[in-house]
Ligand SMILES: C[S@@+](CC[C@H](N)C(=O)[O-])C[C@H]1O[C@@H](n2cnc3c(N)ncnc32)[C@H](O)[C@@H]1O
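In the block that follows, a single chain appears as structure tokens, in the form predicted alone.
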Amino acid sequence: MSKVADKKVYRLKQHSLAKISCYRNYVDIYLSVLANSPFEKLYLLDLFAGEGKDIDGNLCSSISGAEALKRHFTHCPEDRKKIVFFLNDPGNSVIEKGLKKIDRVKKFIDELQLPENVTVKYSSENFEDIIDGVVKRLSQLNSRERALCFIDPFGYKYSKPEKIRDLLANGKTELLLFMPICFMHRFTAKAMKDEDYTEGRHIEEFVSILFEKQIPDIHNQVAFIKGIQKQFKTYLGIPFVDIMYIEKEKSQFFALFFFSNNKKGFQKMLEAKWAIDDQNGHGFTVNKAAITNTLFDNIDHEDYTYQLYEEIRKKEVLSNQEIFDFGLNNNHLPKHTKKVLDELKRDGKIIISTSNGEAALGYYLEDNHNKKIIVSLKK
């Protein structure tokens, strides 16, 4: 293969740039939120660091993370938290022959001159050789430490549910996981129909473990993604799992899954995602014209309106705290919940009052807000 052809191998595509943009947004938010927290040490781990930059100078996740760190400490020099920035990639560079990918990453990070409270550690091990050590180290985090882990593998064989569960078991780690749904969906369908399809072994193992040997809904990729989200919640036993959809072409999706035990962190991730797609909050599509009749048009808003109203009907009375939590658990921000409550109130289906029974002026949809509001079903 020619040198020019080699370089074409590593030009980031639009869906990859969208994924990195969401990651960068979240790291920015993650650092700013924890700046005012009592935590003293943070671990930022990127287990597939890539080339650092593609041939056009577009940043990979590793350098995006490094720039986020530098940006944070430039704007918040009073934040003296210790940061351990751990970067791993076992691959050889396809842009600079004779170099490991991690060597290119190190070169770019050295140029950034990160602040002294950021310690960068490099590794070039295979994921399967390093993951148990990462799990063991994260399991030893103390009450003053937190971690954010990004896993963006080539393919899906490293997205084993049991490894994701192990990483999150300490309750102090948040995780971003990129999954090539379009390929997984196709291989799942084939593996379910053909017992002799040996190439589908990894996806068959993934589905069997996550879905506990039940048959997933594969009638389209969106249903498959939502099924994975639901099963992750059950299998991992954590309260918050969100998705950023990345549509590389019509009805062909990748997905960035976010896992958290922390309510505040989860809310901030939702904000990062909605900042990318302020219309639907699903994520990114390469072909904007393709979304005119997308699978998503109004579906999630209508579903959420129905879900929230059914919750109010079932409980008859809900506090603003309970409604705030319900929104996050269903992947919606307070502003979306307010919109639904406004509609239900306008249609005469609910009554909004204070704890004293007086008419309330607002909903106060914030976590642990000092004002208590009651939303009641109008009978």
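All residue numbers refer to positions in the sequence shown, first residue = 1. Fair warning: this is a prediction, and the values are worked out from it, not measured in the lab.
A second form of this protein, the form predicted in complex with this ligand, is not displayed here; the remarks below concern that form.
Three-residue candidate spot K172, Q231 and N262; no residue lies within 4.5 angstroms of this ligand in the predicted bound form by any non-hydrogen atom. A single residue from the set E271, E162, E205, E125 has any heavy atom within 4.5 angstroms of this ligand in the predicted bound form; that residue is E125.
Contact annotation: of the candidates F187, F85, F257, Y158, the single residue with a non-hydrogen atom within 4.5 angstroms of this ligand in the predicted bound form is Y158.
When contacts are judged by a 4.5 Å heavy atom cut-off, G327 does not count as touching this ligand in the predicted bound form.
Put simply, Y364 is far from this ligand in the predicted bound form: not one heavy atom of it is within 4.5 Å. Not displayed here, this ligand is kept clear of P115 by more than 4.5 Å at the level of heavy atoms in the predicted bound form.
Although the partner is absent here, A66 is not a contact residue: none of its heavy atoms lies within 4.5 angstroms of this ligand in the predicted bound form. With this ligand left out of view, the stretch that reaches within 4.5 Å of it through heavy atoms in the predicted bound form is, among 141-149, 163-171, 67-75, 127-135, 127-135. Although this ligand is not shown here, in the predicted bound form the stretch 11-29 places heavy atoms of L12, K19, I20 within 4.5 Å of it, in sequence order.
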